[in-house]
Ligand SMILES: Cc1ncc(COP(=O)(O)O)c(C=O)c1O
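The chain below stands alone and is given as structure tokens, in the form predicted alone.
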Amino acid sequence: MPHRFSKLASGTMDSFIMSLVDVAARPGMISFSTGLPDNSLFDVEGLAAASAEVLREMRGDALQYDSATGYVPLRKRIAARCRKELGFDAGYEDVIMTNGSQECFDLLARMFLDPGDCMAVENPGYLGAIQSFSAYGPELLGVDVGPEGVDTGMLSEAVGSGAKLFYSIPNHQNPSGNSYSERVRSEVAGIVRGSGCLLIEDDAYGELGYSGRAGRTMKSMAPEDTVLTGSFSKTIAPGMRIGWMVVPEWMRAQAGKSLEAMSLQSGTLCQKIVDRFLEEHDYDLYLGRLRRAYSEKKDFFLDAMEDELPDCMGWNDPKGGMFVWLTSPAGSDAMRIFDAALERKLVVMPGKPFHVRGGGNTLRLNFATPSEDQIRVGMKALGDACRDVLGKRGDASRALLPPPL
């Protein structure tokens, strides 16, 4: 008799993300596809020194089990930054450390979703989070996202119809690269405040605004109805898997209990190393270097797009983060561009998997990972792929396109 997976396991969506990491790692491939930061910007020497100091000074204690909710000194440091930079009051007890922010999504779904419950997600929205939530069997209500953020009318309708959660990335959104305006932030906070719908505010790219933070946190405007999630994956090192969520006081005990049941505790050795690294480095100066590097890389990437892509393609100019959102003419199939680029040893990320509906003519491009030489070669390959697929439409005016997200 064959073994059967559970309904929960069988309901998990497929994901392009990690499969494309494997494809991009093949010899000779160039990748614009994944959400990986630039390896050359990791402070390897600084982290190596912090690691050696932690192990030398703490010895076996550094390797021992720790608090289920994470290393307290690092939690205090995160809470202090919430008060100083993010505009809301938080104590270390409100900060729950996780194994990357992806674990936050699974934990929140485990705490709040029953099969058949409604939850609202951005359309397009971050595929990795949507995949995590999908395992718990919710009905996903896609709320369209435009240049200024989420459509608040659609969000209000989704919340009114009983959505228990709303997942959002208001700063340099993945995949579109855009940020919510102050008006949209305020309206979103007003919609969820007291509604019974919990807002999950993913701040993964909040520290990577090229001119600083893109706007106020919605956690500061609706503190009792918002969980803010964060991570060091885009700023210090994704392989250390350090994420966290800042929860309202009423959630503390349940969050700690659920995390303990799921993974016993998050990985505190890496937390101790990062805490020592932050103790010895000015984080704002460190972030300033990252922001300048990514801003310069984005400008180089956009110049290459202008030089190589046909006029019928449209794109945005993000003010932070790692992604450019590319659109082909309405009615065209961007999966064909994906396939044609792959034949030229370039990996791009189709936009359709980020959508609950629509998105067939979109692609997400990551400018953070490739080198300048790879950008030059890869963008020529992408331009050739677009012209092969679109034919004469490659000569159409970009001005005729609707504005991209």
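Counting begins at 1, following the sequence as shown. Because the structure is a prediction, the values reported are computed rather than measured.
Keep in mind the form predicted together with the named molecule is missing from the figure; the text below concerns it.
Although the partner is absent here, residue 100 is a contact residue: one of its heavy atoms lies within 4.5 angstroms of the named molecule in the model of the complex. Within 4.5 Å of some heavy atom of the named molecule in the model of the complex lies at least one heavy atom of residue 234. Proximity of residue 277 to the named molecule in the model of the complex falls outside the 4.5 Å heavy atom cutoff. Not displayed here, the named molecule is approached by residue 105 to within 4.5 Å at the level of heavy atoms in the model of the complex. Contact with the named molecule in the model of the complex holds for none of 69, 92 and 94, as no heavy atom of theirs lies within 4.5 Å.
Heavy atoms within 4.5 Å of the named molecule in the model of the complex belong, among the stretches 146-154, 187-195, 165-173, 74-82, to residues of 165-173. Though the named molecule is absent from this view, in the model of the complex it lies within 4.5 Å of a heavy atom of just one residue from 319, 252, 241, 216, which is 241. In summary, among the residues 204, 222, 130, 247, the only one with a non-hydrogen atom within 4.5 Å of the named molecule in the model of the complex is 204.
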